[in-house]
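Shown here is one chain on its own, the form predicted on its own, set out as structure tokens.
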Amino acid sequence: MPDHPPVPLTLEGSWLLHQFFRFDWKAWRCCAQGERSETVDEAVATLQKMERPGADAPARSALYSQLGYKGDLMLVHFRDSLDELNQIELDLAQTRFFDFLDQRHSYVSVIELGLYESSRKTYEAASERGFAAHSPEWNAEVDATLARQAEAMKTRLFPAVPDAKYLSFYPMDRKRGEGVNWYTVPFAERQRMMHEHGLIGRRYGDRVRQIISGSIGYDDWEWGVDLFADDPLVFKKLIYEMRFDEVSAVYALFGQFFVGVRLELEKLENWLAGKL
């Protein structure tokens, strides 16, 4: 497709913010019991408002007890705008609980669905009708495709936080070095590799929920990947199998991995007492 744009069409949905905190256990142990209780009550009330705007509303935020040295608590937020994510940061900062938190890392992104196959069909159809790339007629064809796909994939673009016990999050890039550069590979080849890559993920669809978010222009990597499952072994099996796939084996770079156990908000006091 030498005469077609090299960039695949994408659909965007919810904005994501991941927050990773160290908890100041020493300061917490120095607090009087009454102050602890008030701090927990205020924190739970604030986090509950973040989690669900109403009793029957889908979960938009979730709290996780993080494993390893990278942090103690992880918060994940799905929202409709960057402004709402920024307000979450400000709301949390107003609580006494925040005084015990030391934010060690964060990640900002937006849910992204890549449309390699639809892009190719749309570009080819527009060319066959004689439309020049990026002309008004061409853009109208593209807009129509995006509108149809956005309606069909609305639940994937604007999901609730999956109700799974475990979460694995990691950022990733596509290589763009002198010898290996994803962004110079012909469109058709990238489409083929992404199709084969996606087949692996679909085989695990009954055991893990995968949410891909784009972060180009928002954070240090190009994409963020969230994996939600009730069996944490599936994370290793899925990611390991994907390492043998061409698009990962040749073109992928991975950042740090962050793993957490879902922490129900009403159990936050137990967690602060050293119990899950």
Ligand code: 76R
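For every residue, the number given is its place in the sequence shown, counted from 1. Being a predicted model, the structure only gives us computed values, none of them experimental.
There is another form of the same protein, the form predicted together with the named molecule; it is not shown, and what comes next is about it.
Per the 4.5 Å heavy atom criterion, the named molecule in the predicted complex is contacted by stretch 220 to 228, the sole one of 220 to 228, 29 to 37, 66 to 74, 47 to 55. Residue in contact with the named molecule in the predicted complex (any heavy atom within 4.5 Å), chosen from 148, 156, 104, 165: 156. Screening 120, 174, 79, 192 for any heavy atom within 4.5 Å of the named molecule in the predicted complex leaves a single hit, 174. Interface membership of residue 215, defined by any non-hydrogen atom within 4.5 Å of the named molecule in the predicted complex, is ruled out.
For the chain shown alone, residue 113 is a contact residue for the named molecule in the predicted complex, at least one non-hydrogen atom being within 4.5 angstroms. Under a 4.5 angstroms non-hydrogen atom cutoff, the named molecule in the predicted complex has residue 205 among its neighbouring residues.
The shortest heavy atom separation between residue 182 and the named molecule in the predicted complex is within 4.5 Å.
Residues are counted as partner-facing when one of their heavy atoms sits within 4.5 Å of the named molecule in the predicted complex; in 241 to 257 these are 242, 248, 254, in sequence order.
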